[in-house]
Every structure is written in structure tokens, then in C-alpha cells.
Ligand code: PMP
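Below you will find one chain, with nothing else, as C-alpha cells; this is the form predicted alone, and questions on how it binds or moves follow later.
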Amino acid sequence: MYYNANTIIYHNGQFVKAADATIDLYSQSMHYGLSVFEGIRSYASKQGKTKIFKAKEHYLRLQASALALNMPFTWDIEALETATYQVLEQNQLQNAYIRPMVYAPANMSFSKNSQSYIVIQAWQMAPFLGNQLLNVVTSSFQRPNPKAFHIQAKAGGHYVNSILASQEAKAKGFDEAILTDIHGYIAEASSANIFFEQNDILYTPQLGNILPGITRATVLQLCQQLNIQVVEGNFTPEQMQAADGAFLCGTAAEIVGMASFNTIPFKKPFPDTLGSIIQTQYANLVTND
């Protein structure tokens, strides 16, 4: 599904076959979840070139995440961007999902490591949550307390929370989970940020208890260009249930609309919402040269 006998990855400075790459089973990442990663997308541009969308921003966040978790980060950002294009070229990929990950060496203690390792993988992947409107539900799981974790870091261990929430929602017959923060306010989906619409204004949870998504930041930029008002703040599930429309955004998910929240349909058909406009603008942006 993700690789075959000929798939090439970038692993600690070398291009090797994915099937031949190894990781130490005593890695601190394997035992304690100490790793950081990014999800990046590349596209075939309108002129046929391969375009990685916001590669620099993603690698800068990878660096910030690693440093937040006391993981050494010794790689040059531009060199990582170049290596990523080479991974795509060697695997003959254009429309791809890219997964760089920084992981730890063998260490069964809780002491700091003096080095880190890096891998860059890529594979074809459709939008993570599909292309259909989503029926979402409030999860019984909440986002981790920001005083317990560096919540702004995209850390591997944090995603146990996301997996549990997503699996719970799907077991109940829904497409995705909406997690609240420790105060009961809307935070984010298991793997995407949230926007909802009321009276031609978009609302989105403020930073502090959510991952500061790069796609979220792109949506805010698009709204500024389109003169769409956006309010960032603390919002209850009940406020979102009463909304005209809503959508999720993330690199893996891209822009995907929601049909209902807690079985309550949104008031407007998605094609008539601001989310539909953003969806179209985003699709154009990622493929522009």
C-alpha cells in the first residue's frame, strides 16, 4: 500500500530501498513514542511540473517540533527540500503524500539523546478523509492538556489520542471525530483543523489547545485575500451545531466539507457555503506554478 520492492526513501543522508531500511528496535521512539513528523503534499502543477506545497514551512515546523521535544536537529532545511524532490523523482511521483520523520536512537532511559535520525518517505494517497461530505460527532476524548505536552509540536506520541478518537467515531457510524479541549470548547478533528460558518462569517478555534496547522494558516490567508471575515476564539459544540456550514482542513485531508455534526445537518448546502469557495481557491493555489 505504501511501498513496494522498488520504492526509494531518504534515510539518514542516503537514498535506499524502503524494503532494505531498518530501525533499531531499542529506539526511544519505538518504546516511548518520542518522534516528530510532518505531512506534506506535492502536486502536478498546471504546467506539469512537480510542486511541493509549502515545503519550507513544513520543514521549519519539523525542526521546531524536534527542538521542543529536546531532539537534536542538525539538517539543513534547503537540503531536506532538495532530498524530498529527489525522493519524488526517483519514485516517479508527482501527486503524492510525503512523510518526513525524525526519530531517536536506542535509549531505554529518559535522558536526552545526542543525535537523531531522519527518514523521508512518499506515496500516492487520496484525500485522507475522502471527497464526500462528512458526518462528524463530538468525541469522548479531549485534546491533551497543553500544560502536559508541547501541543504545538507534531509529535508521534500525541497521535495515540487522534487514533482513539477516530476509531471511536467510526465505530459509532460517523466519518470523523471532533475533539474538545480541556474546557469543553471545540478544538480540532483527529487530524485536521475546524472552521464553521454563521451569517457569512467563519469561526475557528484559537491557538493554544490545537495544532497550528499549515493548511489552517493558508485558509486564513485565503480569507484575507477574499475579504472573508474570520473570528478566532473559544466556541462550544452547541454553537457549531447551529452553524450554516463547516469544513475541516489539513494537508492530508485538504479542504473537506461537513454534512452534519452530532446528527444535526448544517443549514446550508455545502456548495452554497464559504467553505466551498475556500475549497476551490485552495485547489487552485496548490497547483499554481
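For clarity, every value in this text was computed on a predicted model and none was experimentally measured. Numbering starts at 1 and runs along the sequence shown.
Keep in mind that the form predicted together with the ligand is not shown, yet the notes after this line are about it.
Segments offered: 195-203, 208-216, 117-125, 83-91. Contacting the ligand in the predicted complex at heavy atom distances within 4.5 Å is 208-216. Residue Thr251 is the only one of Ser65, Thr251, Ser35, Ser42 with a heavy atom lying within 4.5 Å of the ligand in the predicted complex. For the chain shown alone, Phe73 is not a contact residue for the ligand in the predicted complex, no non-hydrogen atom being within 4.5 angstroms. Although the partner is absent here, Ser166 lies well away from the ligand in the predicted complex, with no heavy atom inside 4.5 Å.
The closest heavy atom approach of Ser139 to the ligand in the predicted complex falls outside 4.5 Å. Heavy atoms of Ser191 reach within 4.5 Å of the ligand in the predicted complex, making it an interface residue. In the predicted complex, the ligand lies within 4.5 angstroms of at least one heavy atom of each of the following residues of 42-70: His58, Arg61, in sequence order.
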